[in-house]
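Below sits a lone chain in structure tokens, taken as the form predicted on its own.
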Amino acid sequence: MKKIEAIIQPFKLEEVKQALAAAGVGGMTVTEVRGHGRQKGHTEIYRGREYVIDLIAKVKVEVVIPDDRVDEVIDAIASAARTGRIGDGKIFVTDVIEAVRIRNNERGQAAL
């Protein structure tokens, strides 16, 4: 099993959710996060004063899927989240050693 974590622009969340649903992904976890990549934030002017915004609001979408679906799910997320501009985000893939459904103790892919 693999865990896919996608850090995306908040306004792209609905498109990514729809793309994951269309790809048959049954569950996901969504978290509001803050951070920055290469762009290192930006400056804004509020009431005549300049502020440096170095941690930008993003959304992290996490899904755990069988190994054979990784490329399909990555493609779905990337195409739905892409704007072509700096700050579109990143996708990370990690191994999941075990999954357990708490309700009935199902393990492995059955727990997904």
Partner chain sequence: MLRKAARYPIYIGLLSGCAFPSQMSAASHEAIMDAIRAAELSAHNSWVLISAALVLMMTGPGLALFYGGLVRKKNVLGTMMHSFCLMAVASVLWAVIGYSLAFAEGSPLVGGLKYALLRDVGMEPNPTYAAGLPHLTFMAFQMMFAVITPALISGAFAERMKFSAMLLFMVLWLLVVYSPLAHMVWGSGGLLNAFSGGLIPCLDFAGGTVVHISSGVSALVCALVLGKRLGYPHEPIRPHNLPLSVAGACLLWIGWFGFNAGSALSSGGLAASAFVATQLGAASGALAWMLAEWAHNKKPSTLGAITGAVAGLVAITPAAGFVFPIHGLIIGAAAGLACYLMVAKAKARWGYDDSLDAFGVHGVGGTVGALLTGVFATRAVNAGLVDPSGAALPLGWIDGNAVQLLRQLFGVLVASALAAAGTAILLRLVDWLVGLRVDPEDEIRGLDLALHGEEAYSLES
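Superpose the two forms; the largest set of C-alphas matching within 1.5 Å is the rigid core. Positions refer to the first chain, counted from 1. Just so you know, these numbers come straight off a predicted model, no measurement behind them.
What comes next is about the form predicted together with its partner chain, which does not appear here.
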Review point. With the partner left out of view, is residue 68 within 4.5 angstroms of its partner chain in the model of the complex by any non-hydrogen atom?
Key: no
Review point. Residue 40 near its partner chain in the model of the complex, any heavy atom under 4.5 Å?
Key: no
Point to revise | Heavy atom of residue 24 within 4.5 Å of its partner chain in the model of the complex | key: no
Review point. So which bits of 51 to 81 sit within 4.5 Å of its partner chain in the model of the complex, heavy atoms only?
Key: 51, 53, 57
Practice item. Compare the position of the CA of residue 48 between this form and the one not shown after a rigid core fit and state whether the shift reaches 2 Å. Key: yes
